[in-house]
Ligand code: COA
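Just one chain is shown here, as structure tokens, and it is the form predicted alone.
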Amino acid sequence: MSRIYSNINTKDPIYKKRYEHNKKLLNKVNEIKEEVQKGGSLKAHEVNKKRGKLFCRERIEKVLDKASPFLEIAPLAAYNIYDDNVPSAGIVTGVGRISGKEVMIIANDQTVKGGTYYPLTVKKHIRAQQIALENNLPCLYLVDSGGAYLPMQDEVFPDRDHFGNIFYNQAVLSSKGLLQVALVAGLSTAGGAYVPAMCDQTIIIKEQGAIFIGGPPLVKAATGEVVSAEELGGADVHTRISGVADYYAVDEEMGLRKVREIFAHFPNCKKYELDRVAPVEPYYDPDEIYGIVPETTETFYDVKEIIARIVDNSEFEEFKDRFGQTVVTGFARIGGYLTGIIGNNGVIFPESSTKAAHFIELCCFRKIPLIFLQNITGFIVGKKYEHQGMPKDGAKWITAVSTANVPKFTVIIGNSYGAGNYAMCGRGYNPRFLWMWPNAKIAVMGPNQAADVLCQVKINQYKRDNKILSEEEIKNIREPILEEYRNKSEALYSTARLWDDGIIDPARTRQYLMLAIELSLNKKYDEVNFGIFRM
């Protein structure tokens, strides 16, 4: 492959200004992450210490192999969503190695509302299980939860993707031979009692773990019986009498050692053999990405400058480089693995759509994973392009993305608007992982376009009533719409709602993609089977 030639001048004042701007955006995100990682309130921390319990992140750290990375999923879920402070949606999820095995870890944070489940806690838990299913990963549940957050029970209990889906997923994962292990390190109450009960193997900690459908207050209210948590569903009860749990641990350290023993005895999964050579670091420094990305997503930049700082030796074999140039397609290696990359250099035209569909076909037949670098404002509009069949050509691309048989990974590096989000493998098209950069924006259309459209609708309504608005009145209508769209398209707004798997450091994009590709190899690639391409 030939190396990309970079036109970036790191001494240019524009470069330096962009660098500082993007560093500030990243620092803001990192500051929020640091605060969120502390978990719940100071009072909850004091109570936890008094009980002699480890914090959930300490449990994760102790159970992982010493050299293991931890690929955390959606660390800023629920940020600024609820009236209450619910850091990380009250649950920490991510992938790490335990006894040499790649494992999805789902850990309740007992300092956040007693580990109870808010609507976004449920969504995050289910997302973690979906990742486990897609990548053939066993699961470890570090249980310390009071079950559903009762004041919001109507948003966590009855629907398809609500609390019950967690147990359904456990059964499905287990049926596929993906080990389900629970360490009950605190309460496991009500519906939450089924998390350890649905596992293949369960450990419970003496005088700390407790499993019951109804806790002591509910038992007293329902039957008049007075019973302690330990007598009702403690470690002794469930390992000696009921058989709900399989292993009795005298403390957390012993429990975590037992987890490691269980995974040590779990057979190794044979990895799918993807084309790989010895990895080479990029020729251009990934740190330069901060100075490449403009301060506003409305300013154009060449996506190949980003590719050059992600791929091995900055080498890229571009496909159809002279055709449909607003979409960039080509082959490159990341961490030695052969990948297909699709990036944006402008709005999508009919020819760029057919080019992308063609490229996806190539990758699918050759079993090459796909990486999408999204910076897209959408498909071209206008009479000429409608007559040319823009929806038909766009449909080819969307069909190819939807039915691709290889793992897909998406990074939103700029704009992600309208149907461009779909074609470039947005959340609805099931990428194995989807991350955003701090500068990224996502919405049905750009803020300016949305404000113009909605403002025009309002103006037309007034016109029908024979009222002509002044410039000042139009401005007063437009500005609030513009501000709302700007706020709701921000990366922090998206990640809080789990529309992505987290906001990542642009300079570490390569590392995230390497980990994601490695995880995808736990599952054999399907055979290619496209639907009908509208010709």
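Computed from a predicted model, the values in this text were never measured in an experiment. From 1 onward, residues are counted along the sequence shown.
One more form of this protein exists, namely the form predicted together with the named molecule; it is left out here, but the text below deals with it.
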Exercise. Taking Arg51, Gly146 and Pro151 as the candidate spot, are all three within 4.5 angstroms of the named molecule in the predicted complex by heavy atoms?
Worked result: yes
Exercise. Any of the heavy atoms of Leu178 lying within 4.5 Å of the named molecule in the predicted complex?
Worked result: no
Exercise. Is there a non-hydrogen atom of Ala190 within 4.5 angstroms of a non-hydrogen atom of the named molecule in the predicted complex?
Worked result: yes
Exercise. With the cut-off set at 4.5 Å between non-hydrogen atoms, does Gly335 touch the named molecule in the predicted complex?
Worked result: no
For this session: Examine Lys113 and determine whether its closest non-hydrogen atom to the named molecule in the predicted complex is within 4.5 angstroms.
Result: yes
Problem set entry | Candidate stretches 197 to 205, 408 to 416, 182 to 190, 380 to 388, one within 4.5 Å of the named molecule in the predicted complex by heavy atom | 182 to 190
